[in-house]
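First, one chain by itself in structure tokens, the form predicted alone.
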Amino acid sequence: MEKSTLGFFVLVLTIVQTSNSLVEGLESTRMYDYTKYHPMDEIYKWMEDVERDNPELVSSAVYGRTFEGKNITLLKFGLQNPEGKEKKVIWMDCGIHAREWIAPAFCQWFVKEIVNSYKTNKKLEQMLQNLDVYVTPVINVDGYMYTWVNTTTRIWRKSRSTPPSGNSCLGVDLNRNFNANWGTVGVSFDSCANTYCGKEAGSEPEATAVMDFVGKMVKQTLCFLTIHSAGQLILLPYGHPQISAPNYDELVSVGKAAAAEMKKLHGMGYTVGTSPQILYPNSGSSRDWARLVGIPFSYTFELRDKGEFSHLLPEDQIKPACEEAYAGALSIITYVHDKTFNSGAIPSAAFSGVAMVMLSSFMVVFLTTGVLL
């Protein structure tokens, strides 16, 4: 009897301790201030809390290391498919440019909205049964941490990798380092420039981590969203002015529908188009890489504002900026989900990923030599 009684009290104590731990964890995520910018150590801790508090929905993975050896970590959101169907993938990343603090703030906001609403929002629950959503709050961890050092480092854009021999300026523009028409337009080969594209495509571990991880699930991936600031734009492929996506018209239509949803909230207009049309030509972006390898829908969100504060967006604008960005992202995700699962057809490009890469290589030769081969 004594042993049974002792075992009972141990069991009760364990249950109480576990319950208290879960309550404390839930309170910690609810107490997290999503209307403030957070340093990297707080974001790492927040990610741990989100995963611990939502084991049926959330898991995490370290899928790469930065130049300085820091973890590049994602959160994966998804529910079990009740019919055992193959799940598709949505990718979202933030913080590839260090100074664009509103981007990581949005990834955190996006996570909050998913976690807090999926149990009561039947449509969202259905989508999470059909989709796995991967969210990386900060890709450029080294650069982001550097922007928190002091006011003189706040507007740092690039990574923190060492320069080529004979040069003194650190870092690469990670959004010029992807294997998508790399080095052809809108880049610099001067390591001191903000658009320095690196020594070669994929020379930076942060870019390689994304290409390797997403590259292994291209066939399952429906949509690639990468979040930046500023300018209030929704950019679609391609950054090269002489290359067009095979599903360009649909990309524009879906982007404009997202912009319309965004404007409903706070009246902020977002312009939709390719980078050469509404911003500037560029090459080597993650958005273009995603489309080239065969992901049908690929967009860059440039969040608030249009120049008054630029990359120094005040904290009092985090909430409205994230609310409208969430509406836009959800609009796109809902569209690609419904096209896939409600019509019974998987969105597909006019060309396979391999064909698109071959086309890209052909265009680079033509554009740089003027010779059709």
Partner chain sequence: MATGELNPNHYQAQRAAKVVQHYLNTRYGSPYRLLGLHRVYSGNAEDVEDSGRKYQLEISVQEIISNMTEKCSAEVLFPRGGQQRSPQVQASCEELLKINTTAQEEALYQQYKMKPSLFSAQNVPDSYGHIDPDTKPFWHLCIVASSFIMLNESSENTLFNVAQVANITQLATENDQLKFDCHVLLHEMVSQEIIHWKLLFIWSPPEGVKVQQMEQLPHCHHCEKPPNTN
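The shown structure was predicted, so the numbers you read here are calculated from the model rather than taken from an experiment. Residue numbers count along the first chain shown, from 1.
What follows is about the form predicted together with its partner chain, which we do not show.
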Non-hydrogen atom within 4.5 angstroms of its partner chain in the model of the complex for each of L57, K76 and M145 = no
For K70, is any heavy atom within 4.5 Å of its partner chain in the model of the complex, or not?
-> no
Is there any non-hydrogen atom of A193 lying within 4.5 Å of its partner chain in the model of the complex?
-> yes
Should V89 be counted as a contact of its partner chain in the model of the complex, where contact means heavy atoms within 4.5 Å?
-> no
Please check if H311 has a heavy atom lying within 4.5 Å of any heavy atom of its partner chain in the model of the complex.
-> yes
Among the candidates D33, E315, D41, D338, the residue which, in the model of the complex, approaches its partner chain to within 4.5 Å (heavy atoms) = E315
In this chain shown alone, the residue from Q277, N116, T162, Q242 with a heavy atom within 4.5 Å of its partner chain in the model of the complex is Q277
Per-stretch contact check against its partner chain in the model of the complex, the hit in 197-205, 149-157, 135-143, 80-88 (non-hydrogen atom, 4.5 angstroms) | 149-157
Residues from 67-100 in contact with its partner chain (non-hydrogen atom within 4.5 Å) in the model of the complex | R99
